[in-house]
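Two versions of one and the same chain are coming, encoded as structure tokens; call them structure 1 and structure 2.
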Structure 1
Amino acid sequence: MSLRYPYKMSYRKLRGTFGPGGGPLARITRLRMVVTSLIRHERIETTWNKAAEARDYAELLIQRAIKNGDKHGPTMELADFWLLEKDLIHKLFKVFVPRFEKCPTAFTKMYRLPYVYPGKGREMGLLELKGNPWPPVLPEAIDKSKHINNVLLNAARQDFRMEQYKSMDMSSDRWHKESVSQMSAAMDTVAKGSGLEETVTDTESLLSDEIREEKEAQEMRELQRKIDSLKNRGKKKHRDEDDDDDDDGTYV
């Protein structure tokens, strides 16, 4: 079991909860009071730090109550400790357990409140249990998707995607056709390897056999290199298809 919202690992300092010198006991007493009033009223306003600290304990209490039920000794002890007013133990098991049983998220929600002026300059917060009977804190959000700017932008986005798909199809087709034709031409010349000898002119026939063989091998090597480069280029094109689509000059 873990808390269902991002929380701080380190604790917050609550200064002077009951005046100076209260110590850790005063802090816990103060938090017990906050948790109790949260369970009582379901929405409270206090300083941000107090609300955030109490939130953790309240969430944990509800989680344990849901998991273990009201016939589990340690859980009842926990409830007895955190709820100073004992009638709230009944509320916890009879109201909140059924309410939050199937809740997949956190049970509480926090909002920032403006500073109180004139005052002590403390950050204020609002802590509430979800599903409370009070009116919502924030006004209903406006659905902006049908505003004219968003209608235009969504249409533009759709257009852009369609163009992208089209150019992708086009480019892969083009690659296929061109590479196949070039490859087949190159393969033909390789296959005609013996034909090269026939086209050798008379002056060349005068050359020594060694030189002729060397020249032949060089030509074969060149052809092989050409085929390899074509193959590689094809592979590369497949990889980069998504990135650049408009490069008409690459195969010329």
Structure 2
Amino acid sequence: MSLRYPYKMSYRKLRGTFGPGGGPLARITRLRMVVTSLIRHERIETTWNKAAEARDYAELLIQRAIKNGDKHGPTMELADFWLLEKDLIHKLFKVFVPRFEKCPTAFTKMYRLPYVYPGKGREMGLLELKGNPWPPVLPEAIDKSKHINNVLLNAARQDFRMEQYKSMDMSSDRWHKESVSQMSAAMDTVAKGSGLEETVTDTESLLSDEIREEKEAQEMRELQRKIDSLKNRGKKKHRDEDDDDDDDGTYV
């Protein structure tokens, strides 16, 4: 048993699609204009919804061009439909196909642009193709590791850590020596004061007696096993002789 909830699919709102009453044809025409501008300029600024929807069609167009080439009829029809300016078909196959032929990820990038106030209140976005000749949208991080203040701070940090390591090693060695000396002194004191040495010798003698008794018991078991095997062998020989005597008799 599964629960089902009604889901109403909401489409992206593309404003300015040639006025009210344009319908799906006006929507597709607007997207064709966005894709054509992207292929022409390689970076465009438009509303976020237009950029997000046109991005899918641009990715599909470049992917089919890379996969099938300019000798494939359906691919050429697709390029002819989406590119309103026909000179861009040559750019698609001669410029973008070699550029993105070994690209393992998406061919485009999207960025959200800040709101402009006062403005129309629309969420703006930037859509671009990778490898475009324009300056990067996000500034590159400046390497400040070679600045004089960072160099001095790193050197001071390393010296402080080395001093800490040395102090830790010295303290650990000192603690080890002290602990060993204290343990040896305590053992000597206990041994002298409570007769620990005699207890140790008594324990050793008891252990040696137990070991000797265990060895003697093991030897007795071996001897008994040998005797039992000899007895069994004699019984078997006697039984075989009786069988031979029975065979020599005369049967009527």
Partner chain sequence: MSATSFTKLTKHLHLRHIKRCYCSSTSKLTNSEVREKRNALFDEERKRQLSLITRIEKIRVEHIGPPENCTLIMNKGLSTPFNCAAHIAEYLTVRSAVALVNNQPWDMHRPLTEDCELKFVHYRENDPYHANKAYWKSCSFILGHILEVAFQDQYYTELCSFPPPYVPSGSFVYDVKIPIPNWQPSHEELQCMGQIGAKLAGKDWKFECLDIDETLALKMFEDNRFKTQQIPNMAAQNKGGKIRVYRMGDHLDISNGPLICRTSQIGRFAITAFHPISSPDFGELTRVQGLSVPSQVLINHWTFDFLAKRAEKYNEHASLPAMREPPPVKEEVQEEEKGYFWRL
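Residue positions are counted from 1 along structure 1's sequence. Note that this is a predicted model, so its numbers are computed, not measured. Definition used throughout: the rigid core is the maximal C-alpha set that superposes within 1.5 Å between two forms.
Structure 2, not structure 1, is the form predicted alone. Once you line up the core between structure 1 and structure 2, the Cα of L60 stays within less than 2 Å of where it was. Once the rigid core is overlaid between structure 1 and structure 2, R221 counts among the residues whose Cα shifts by 2 Å or more.
With a cut-off of 2 Å and the rigid core superposed, A141 has a Cα displacement that reaches or exceeds the cut-off between structure 1 and structure 2.
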